[in-house]
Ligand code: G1P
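Consider the single chain below, provided in structure tokens and representing the form predicted alone.
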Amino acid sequence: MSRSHVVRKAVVPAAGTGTRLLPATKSMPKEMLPVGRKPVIQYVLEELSAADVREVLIVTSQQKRAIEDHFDLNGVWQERLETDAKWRTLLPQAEIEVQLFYTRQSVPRGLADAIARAEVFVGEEPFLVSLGDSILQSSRPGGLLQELIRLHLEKGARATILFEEVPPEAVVHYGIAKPKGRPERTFACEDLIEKPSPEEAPSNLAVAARYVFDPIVFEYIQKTPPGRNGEIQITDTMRLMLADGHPIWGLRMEVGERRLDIGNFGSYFEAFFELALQDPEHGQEFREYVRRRLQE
């Protein structure tokens, strides 16, 4: 099989139960929680569209129908789009030029299992994975994903991962890279350690919710034994790939690039705050309100 020179397909896992965000997520998918003016998953799809991805498979589960409804376009909305210029800026279809597909992960068996649902969709092409509960901030819309794709193809990698630097005490919450040699902007991975203690962590480079994979990953997902809670973790899958000599590369986020994680209420509040400050219409007004409140 010859390697493709482009990546046009992406998988967005959005099947998690969101228990850390209860009661807000009792009937609302966490990917649909608003951050500023948009739900989380809309930022993810806009990023993919900006990176020239054209086909996206969203992996959902029970009580996630709101995701499909959000990106659907019924007759009433279609009429408003055609007659009212303002409405064209308010609906997700105005910013997202991708064809959407959906599949189910009915039993929560981990991220690797969710990715496995995309095997038929992907075929023999390399593909992106963008987690549906994390927003990337960068001055280049889609630029980080395009750089991740270029690195994957240029290095002949089987998997390529976006990493962010985290405080040493925070490594216990992430998959952490063990780079080969001194890590620069890009680096080869020697190993990946899932949620190590600060003493055991080989670096402070944490997986940042974006990957590029070759289809060989599906073969290794099938070989990956379940871990804690019976879930199959993609970090364990990639460690098997490394053990068999398959190259995995990393791309480190730079200053001014950051990930907003909607995994718990603390990080969700921070994400909403950040994007509210950046709102083109109300951001300055909100900034002045925050300043007044802090002075009280």
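In this text, residue numbers run from 1 along the sequence as written. Fair warning: this is a prediction, and the values are worked out from it, not measured in the lab.
Another form, the form predicted together with this ligand, is not on view; read the next lines as being about it.
Asker: Heavy atom within 4.5 Å of this ligand in the predicted complex: which of Glu219, Glu194, Glu124, Glu190 fits that? Just give me the one.
Answerer: Of the candidates Glu219, Glu194, Glu124, Glu190, Glu194 is the one lying within 4.5 Å of this ligand in the predicted complex.
Asker: May I ask you to choose, among Thr235, Ser61, Ser49, Ser267, the residue with a heavy atom within 4.5 Å of this ligand in the predicted complex?
Answerer: The option sitting close enough to the partner is Thr235.
Asker: Using heavy atoms and a 4.5 Å cut-off, decide whether Leu111, Leu131 and Gly175 all contact this ligand in the predicted complex.
Answerer: All of them do, each having a heavy atom within 4.5 Å of the partner.
Asker: Determine which one of 114-122, 98-106, 194-202, 143-151 lies within 4.5 Å of this ligand in the predicted complex, judging by heavy atom distances; exactly one does.
Answerer: Single hit among the candidates: 194-202.
Asker: Using a 4.5 Å heavy atom cut-off, state whether His282 contacts this ligand in the predicted complex.
Answerer: Heavy-atom contact with this ligand at 4.5 Å: absent for His282.
Asker: Determine whether any heavy atom of Arg287 comes within 4.5 Å of a heavy atom of this ligand in the predicted complex, and answer yes or no.
Answerer: Residue-level check for Arg287: no, no contact with this ligand.
Asker: I'd like to know if Val207 sits close to this ligand in the predicted complex, meaning any non-hydrogen atom pair within 4.5 angstroms.
Answerer: It does: once this ligand is placed as it appears in the predicted complex, Val207 has a heavy atom within 4.5 Å of it.
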